[in-house]
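As structure tokens, one chain now follows by itself in the form predicted on its own.
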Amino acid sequence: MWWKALTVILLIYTILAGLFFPIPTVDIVDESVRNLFFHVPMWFAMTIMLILGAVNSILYLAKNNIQYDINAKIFTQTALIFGVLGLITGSLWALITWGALWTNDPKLNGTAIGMLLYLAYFVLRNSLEEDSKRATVSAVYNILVFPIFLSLIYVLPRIFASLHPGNGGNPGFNIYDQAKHLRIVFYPAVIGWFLLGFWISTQLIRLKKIENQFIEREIIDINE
């Protein structure tokens, strides 16, 4: 239970500090830099959830244990939730700093394509009825789409012109001496949002196990 208590503490600290922590003056972004404690950590949490999903897909193919397929699905599902939250907070930040909710930016466009690729993962799952076939095909797709997604949101924006800090030749926040003070909130925020995503995923996995147990009992009762 200690890590759950840590999750609550870190998120309370992140929210309070994010709203009331003294913010140094950073060109253009001004007070909107507070979104650094929400938008960016949510993307990190999404990425880690996708890693866990891909790892569980690999484990399913290696061990043929359906539980790994369930884990992969739920971790990926949670990742998409954080991805949507990241898009919303990012769009609001873009409106303040760039004057539009969406711009022709390679990172934004790559994110949109990546999210659609993962939505296709769930469409694919729902289109297959046989459990083993669905798990196998979904695992292969999940493993293949993961490096593509990373390339779209982390590699391409560093190659082409991008408005995002630290991408396309733009300086990151670490060039501002005063902005270093943001780290005492940013790093706990990353840990807190990730732990929240992991917590949500573990609860969904537990619910799925309970659901499967009820289904198995119903089948046994019918056979008897």
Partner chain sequence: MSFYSSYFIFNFAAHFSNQALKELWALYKKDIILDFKNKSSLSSVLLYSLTIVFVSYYSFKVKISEVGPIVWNALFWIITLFISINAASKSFQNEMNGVDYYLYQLSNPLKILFSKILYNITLLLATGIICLAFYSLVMGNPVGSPVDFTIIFVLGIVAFASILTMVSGIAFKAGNNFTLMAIMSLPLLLPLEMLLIKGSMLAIDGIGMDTVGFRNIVLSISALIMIEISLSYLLFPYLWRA
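Numbering follows the first chain given and starts at 1. None of the values given here were measured: they were computed from a predicted structure.
Although it is not shown, the form predicted together with its partner chain is what the next lines describe.
Using a 4.5 angstroms limit between non-hydrogen atoms, residue 141 touches its partner chain in the predicted complex. Contact between residue 80 and its partner chain in the predicted complex is not found at the 4.5 Å heavy atom cutoff. When its partner chain is considered in the predicted complex, residue 191 lies well away from it, no heavy atom lying within 4.5 Å. At the 4.5 Å threshold, heavy atoms of residue 159 reach its partner chain in the predicted complex. This chain appears without its partner; in the predicted complex, the one residue of 40, 61, 55, 48 with a heavy atom within 4.5 Å of its partner chain is 61.
With contact defined as any non-hydrogen atom lying within 4.5 angstroms of its partner chain in the predicted complex, the contacting residues in 123-146 are 123, 124, 127, 128, 133, 136, 137, 140, 141, 143, 144, 145, given in sequence order.
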